[in-house]
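Here's a solo chain for you in C-alpha cells, the form predicted alone.
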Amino acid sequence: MGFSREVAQAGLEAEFASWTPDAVHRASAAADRVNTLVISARTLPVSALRQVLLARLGGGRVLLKPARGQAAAAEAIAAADHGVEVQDFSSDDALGFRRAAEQVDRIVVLGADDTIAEVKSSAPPHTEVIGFGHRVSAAWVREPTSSELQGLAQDICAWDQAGCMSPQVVWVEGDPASLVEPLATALRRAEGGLPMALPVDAARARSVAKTRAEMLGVVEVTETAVVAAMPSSDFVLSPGYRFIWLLPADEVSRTRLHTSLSTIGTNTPLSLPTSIRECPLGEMQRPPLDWVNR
C-alpha cells in the first residue's frame, strides 16, 4: 500500500488504541442492525477497518469492496470475522456493484466526492448511502513548546501525511519562519523510526512546491520531510509525503476553509463549528471511535 512497515504498524496501533471497551460499548448502543457495503478508499486502510467495525457492532453482515492495492488487507479482515465478505469488483464494474448493493441496506463510501455522487446515482432506491468525502486538516499554534512540536511532527509523519486528518498547513501566531528550524528538528526525531519512500511522481510535486517556497519564503529539508514558511496566510494544499507549510495565523483564512476542514490540531482554544474536530497536537490521526468525519 506504499507505507513502510513501521508507519503502517504505528498507524494501526493508533487506531486500535481508540477501540476502548467504553467506546465500543457506546458505538454498539448507537449501531443499527443492517447489512452494509463498505467501499474503501486508497488513502488509509484504517478508515475501512473502522467502518467495518462500526457496521459489525450492530450485528449486520458487511460486504467489503477494497480499494486498489488493499485486497490483502480486506482478506485479512474477512479471515478474522465470518460476518465480513470481500467483494473485489473493479470500480467500473457496474454489474458487480449492483449485485453487491442489492444484498445490503446501507452503503458506506470512503473516497472522493465524485465517487460518492456516482454511488448515490447508481444505488438501488431502497439503499441508504453514507459518504465520507474529501476533507483537509490543519494545525494552529501559539508559542509551541518542544513537546508540542514533537506531537505536530508525529501528526505530519503519521501515514506519511496521507488522509483527511493529516495537517496540510500550520497557521502560526507570530513569525512562521521562526518555527522552521524547531519543527524540522522535531521531524528529524520522529522520522528516525518512521521511514518513508518517496514515489517519483510525489518527488516531482514536492520539487515544484519546494522551489516556490525557496523563492518566496524559508525552507528546511530533513531526511524525509520539507518544512516551508510562507508570507501569505492563504491556505495552500501540500503535495503530501511530509511536506508542511507554515503560514501566518489569520482567522479569515481559516474561516474560508471551514466547510472543508476535518480536524485542527492546536495548543490554544479556537472558536470552531461543531463539524470540525479540535484536538491537541499529536492527536490529529487519533480520532475517537464515535467521531464522525463527513
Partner chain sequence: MAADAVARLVDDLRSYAASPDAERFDALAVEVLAHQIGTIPAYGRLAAARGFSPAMGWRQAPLVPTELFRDLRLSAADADLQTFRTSGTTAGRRGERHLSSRGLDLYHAGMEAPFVEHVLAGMQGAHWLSLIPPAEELPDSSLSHMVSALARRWAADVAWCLGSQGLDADAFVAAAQASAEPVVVLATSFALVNLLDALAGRPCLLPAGSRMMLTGGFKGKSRTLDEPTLLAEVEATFGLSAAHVVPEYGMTELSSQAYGRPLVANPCLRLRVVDPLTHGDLVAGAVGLVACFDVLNIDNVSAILTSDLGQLDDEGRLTLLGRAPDAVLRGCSLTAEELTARS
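Numbering follows the first chain given and starts at 1. Small disclaimer: the values here were computed from a predicted structure and weren't measured.
From this point on, the text means the form predicted in complex with its partner chain, which you will not see here.
Colleague: Taking the shortest heavy atom distance, is H82 within 4.5 Å of its partner chain in the predicted bound form?
Modeller: Looking in the predicted bound form, residue contacts with its partner chain do not include H82, since no heavy atom lies within 4.5 Å.
Colleague: Quick one: is D155 in contact with its partner chain in the predicted bound form, heavy atoms, 4.5 Å cut-off?
Modeller: D155: no contact with its partner chain in the predicted bound form.
Colleague: Considering non-hydrogen atoms and a 4.5 Å limit, does its partner chain approach S91 in the predicted bound form?
Modeller: Contact with its partner chain, no.
Colleague: At the 4.5 Å heavy atom threshold, is L237 in contact with its partner chain in the predicted bound form?
Modeller: Yes, L237 sits close enough to its partner chain in the predicted bound form that at least one of its heavy atoms falls within 4.5 Å.
Colleague: Would you point out which of 71 to 79, 180 to 188, 91 to 99, 111 to 119 contains residues with a non-hydrogen atom within 4.5 Å of its partner chain in the predicted bound form?
Modeller: Selected range: 111 to 119.
Colleague: Its partner chain isn't shown here, but in the predicted bound form which of N35, S232, S253, S260 has a heavy atom within 4.5 Å of it?
Modeller: Result of the distance check: S260.
Colleague: Would its partner chain in the predicted bound form be within 4.5 angstroms of a non-hydrogen atom of every residue among R135, P199 and Y241?
Modeller: So, yes: the whole triplet contacts its partner chain.
Colleague: If you apply a 4.5 angstroms heavy atom cut-off, which residues in 40 to 56 are near its partner chain in the predicted bound form?
Modeller: The stretch 40 to 56, when checked against its partner chain in the predicted bound form, contributes R42, T43, L44 at the 4.5 Å heavy-atom cut-off.
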